[in-house]
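In structure tokens, the next block holds one chain alone, the form predicted on its own.
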Amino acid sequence: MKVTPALLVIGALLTFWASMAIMVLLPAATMHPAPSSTWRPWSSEEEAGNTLYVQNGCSYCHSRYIRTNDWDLGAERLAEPGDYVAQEPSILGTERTGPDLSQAGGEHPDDWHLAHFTNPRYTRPQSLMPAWKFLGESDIRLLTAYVQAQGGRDADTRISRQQRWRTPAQEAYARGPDKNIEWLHDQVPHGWLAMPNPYPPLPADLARGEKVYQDQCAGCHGPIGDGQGLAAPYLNPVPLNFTLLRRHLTDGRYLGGMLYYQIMNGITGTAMPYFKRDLESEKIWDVSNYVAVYFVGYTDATMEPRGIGAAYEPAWTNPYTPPQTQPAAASQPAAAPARTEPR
């Protein structure tokens, strides 16, 4: 058979349409999964948010599915075909420059998302995500509604929990700094309140804690720990002012364990997220020490039972000796090690 231009064009078209039928039309006609256990239809606001998500190319950096080999991302469940019923267009994304969003609903309250979309560096100082302030607050709230819908009924449960705790958190803040801190202390189990920081404030530990604070915390709590970070104007209640903690320390209550518990688990109902999936245990202790030494002016890491530096073993190699034994009550501040560079 002689290959003519016409035959070449016809063959190419037949190949194209055969591929289209096999890969697109046949699946579209035959694949109709039943809704999964977490699926629910989107509201009109969530649909509008999905349109904004697609129009602004969010799928270029965020995916919306979790596979078996993605469990290290901290997912609650694997993606199922029934999760995407009636979603048009169903754009799942292939890149993970940013985190997967398939189960992001309820992980943060709405005010955190408002600050985050306005400028992601407000809440995540190391974020590569561009600022979306140009969309305006109305569209940002639609995008927020869309993100809060990711996870379906599971996300609704998390959002309900956020809303249930939001009112008491705001009421505690409205009663003033002292009552607010008392309320925050009351949310920490006694076992954690009675636990000192196991790592002494060695220069290397504090340097690591400072790096964690700058990368994760400064956007909300501010460079000097006064709760006046760039995100603070968007948040209600505003982030905790660490400098007020010192006058609330009492006998039998340690600072290290309290900070560790709240950094690890977050404070539901506020913009304070949990970091147990972002930070290893030692980093949480290090940033707790950094906050205690430089913002509170007191650390319980030198009190009994004293621990040792994270890189040292066994106990008799501990190179840190405190200048004095500190009492259980926070009556004497710990001397902060000299800094080699300005904050």
Partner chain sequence: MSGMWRFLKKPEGPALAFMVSGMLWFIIGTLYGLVSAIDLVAPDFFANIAPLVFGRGRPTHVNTVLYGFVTEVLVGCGLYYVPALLRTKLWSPPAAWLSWLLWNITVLSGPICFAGGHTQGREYTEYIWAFDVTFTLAIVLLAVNIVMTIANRRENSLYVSVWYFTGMLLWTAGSYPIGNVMWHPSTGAVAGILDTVILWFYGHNLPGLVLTPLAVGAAYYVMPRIAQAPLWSHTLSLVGFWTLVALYTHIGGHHVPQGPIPNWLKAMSTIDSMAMVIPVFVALGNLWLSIRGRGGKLLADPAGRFVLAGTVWYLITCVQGPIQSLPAVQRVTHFNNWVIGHSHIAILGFAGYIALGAMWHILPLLSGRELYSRRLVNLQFGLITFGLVGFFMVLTTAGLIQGGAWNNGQTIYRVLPEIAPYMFLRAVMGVLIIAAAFVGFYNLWMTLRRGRVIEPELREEALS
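Residue numbers count along the first chain shown, from 1. A quick note: this is a predicted structure, and the numbers were derived from the prediction, not measured.
There is another form of this protein, the form predicted together with the partner chain, and it is not shown here; the text below is about that form.
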property: Contact stretch among 116-124, 162-170, 202-210, 149-157 - heavy atom within 4.5 Å of the partner chain in the predicted bound form; result: 116-124
property: The partner chain: the contacting residue among 190, 96, 247, 175 in the predicted bound form [heavy atom, 4.5 Å]; result: 96
property: Heavy atom of residue 278 within 4.5 Å of the partner chain in the predicted bound form; result: yes
property: is_contact(residue 216, the partner chain) in the predicted bound form, heavy atom dist at most 4.5 Å; result: yes
property: Residue 233, heavy atom within 4.5 angstroms of the partner chain in the predicted bound form; result: no
property: Partner proximity in the predicted bound form: residue 56 to the partner chain, non-hydrogen atom cutoff 4.5 Å; result: yes
property: Candidate spot 35, 194 and 272, all three touching the partner chain in the predicted bound form (heavy atom, 4.5 Å); result: no
property: Within 4.5 Å of the partner chain in the predicted bound form: residues from 135-166 (heavy atom criterion); result: 135
